[in-house]
Ligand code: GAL
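The chain below stands alone and is given as C-alpha cells, in the form predicted on its own.
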Amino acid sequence: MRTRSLFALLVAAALMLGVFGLASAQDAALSGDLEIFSWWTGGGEEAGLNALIARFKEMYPDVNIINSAVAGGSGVNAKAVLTTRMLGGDPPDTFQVHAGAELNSLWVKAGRMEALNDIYEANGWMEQFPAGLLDLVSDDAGNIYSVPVNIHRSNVMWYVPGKLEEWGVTVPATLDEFVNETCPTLQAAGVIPMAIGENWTQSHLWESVALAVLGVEGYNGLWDGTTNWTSPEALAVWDMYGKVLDCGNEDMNALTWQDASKLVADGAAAFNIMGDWAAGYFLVDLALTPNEGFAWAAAPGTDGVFMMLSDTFGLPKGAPHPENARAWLSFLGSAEAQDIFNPLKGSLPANTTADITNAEKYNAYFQSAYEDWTSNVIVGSQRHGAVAPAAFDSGFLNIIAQFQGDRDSTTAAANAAALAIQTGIGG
C-alpha cells in the first residue's frame, strides 16, 4: 500500500461524517474475564477508557474487566511489555495499537492477529469508517485486523491567548518566525518559548518540524523513498529542529508530556507542540475552557495539513477470552462508544455516524479539529505508527536522543538514512 494514496482517500472519506446509520451491538450473554491492554493511565485518556469500561459493564455485567494499562506516554513502555507477552505466548484479550505500519508491519505481518471482517460486516462498519482508515488497518488481501476508536492530530501547537497578549507576541506562522523573532522576545522576558518533554515527545516535535521544512510531498517522500534522508533538504530539518530545541526548557528530559503541557497552562512557557490528547488534559485534568484557558493552532509552517494517527484495538491469536474481546471490539467501534470516549480523550470519532456536530458533546476545539480533518491535506504520523514500522520508531528515538545531546545534523541524517534502509522504508 502506498502512503500517499491511503491518506488521499482519508480526505474524501472524512467528508462522509454523520451520514450513515447506528452500528449494532452484540447482545449475547457473556461471562468470565476480559483483559484490556493499553497505555491510557492518566488525564482524559484514562477518563475516556474508564467511561467505556463502565458502559460495557452495564451491557455485560457478568464480564470481569481487567484493565492492564501500562504507564508511559505514546505507549513507549506498554509496547515493550506487549512484545514480551505476545512472543511468550501470553497475549491479552485485546490491546491498543496505532493504525498503519505499527499494526501491519509487526503483528499482522507476524501472523499474530485475528481478522475482524465478520465484526465489521455484522455492524455495517464498511460504510461507517473512512475508506483510507480501513486501508490502514487491513492487509492487501482485504483482511481487517483492528477497530479504530478515534482520529488524533499530531501537529498542534498549544498556548494561552491572554499570556501571549501579556508578553507581546503572536502565534508564529512559520518556524523562521518562531526561532528568529518569537523565541528571542520570550527568552528576553524570562519565558520558555517552547515547552518540551521527554524523548518520545521530542520525536513528536521532530515530525512537525519535518513537515514544515519539507512540505507535504517531501515529508511523504521520507516514507516512500522519494526523499533522500541525507539530502540538503533533509539536513535542513535537523538544523531547524536544533534551533527549536534551543528555544526549549533545559529540563526537557525529565518532563512528561503532561508536565510540558502544564508549563503552558501555568504561564511558565508560551507554546507546546503535542497531539490533541493535550486537549483532553486541559479539559479533564485542568478544567480549562477552550479559547480562554487554552487555545491551539497548527504547528508553525503546517497550516492546512492534518497529521493524523488513530488508536485502535485488535484481537490477538490465542487470546484467552475471544468472545468477550469480540464484544468489546463491537462496542468500541459503535457511535455510542466513540461519543463516550472522544470528548474526554481530546480526539475525533473514527466512526462517521458519531454525533460530532453536537456542540454539547464536542466543544470548540473539536469543531475546529473536525473542520480541519474534513478540509486539510492528510498525512500520517511517524511517531505514532501511521507511516513507519515499529523497528524504525525504536531506532529513531535513539537518534533523537543523540541529537538532543550533540546537535550534529550530519550524523543524525546519516543515521536516519541507515535506519530507513535497515527497516525497509522506501524499499
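For every residue, the number given is its place in the sequence shown, counted from 1. What you see is a predicted model, and the numbers here were worked out from it, not measured in a lab.
What follows is about the form predicted together with ligand GAL, which we do not show.
Only one of 96, 352, 261, 342 comes within 4.5 Å of ligand GAL in the predicted bound form through a heavy atom, and that residue is 96.
Distance criterion of 4.5 Å from any heavy atom to ligand GAL in the predicted bound form singles out 74 from the list 154, 272, 128, 74. Although the partner is absent here, residue 277 sits close enough that one of its heavy atoms falls within 4.5 Å of ligand GAL in the predicted bound form. Taking non-hydrogen atoms only, residue 200 approaches ligand GAL to within 4.5 angstroms in the predicted bound form. A residue is said to contact a partner when one of its heavy atoms sits within 4.5 Å of a partner heavy atom; residue 309 meets this definition for ligand GAL in the predicted bound form. In the predicted bound form, ligand GAL sits within 4.5 Å of a heavy atom belonging to residue 39. From the list 217-225, 114-122, 130-138, 309-317, the contact stretch for ligand GAL in the predicted bound form under a 4.5 Å heavy atom rule is 309-317. With respect to ligand GAL in the predicted bound form, the three residues 207, 243 and 403 uniformly fall beyond 4.5 angstroms at the level of their nearest heavy atom. Contact annotation for 252-275: a single residue, 257, has a non-hydrogen atom within 4.5 angstroms of ligand GAL in the predicted bound form.
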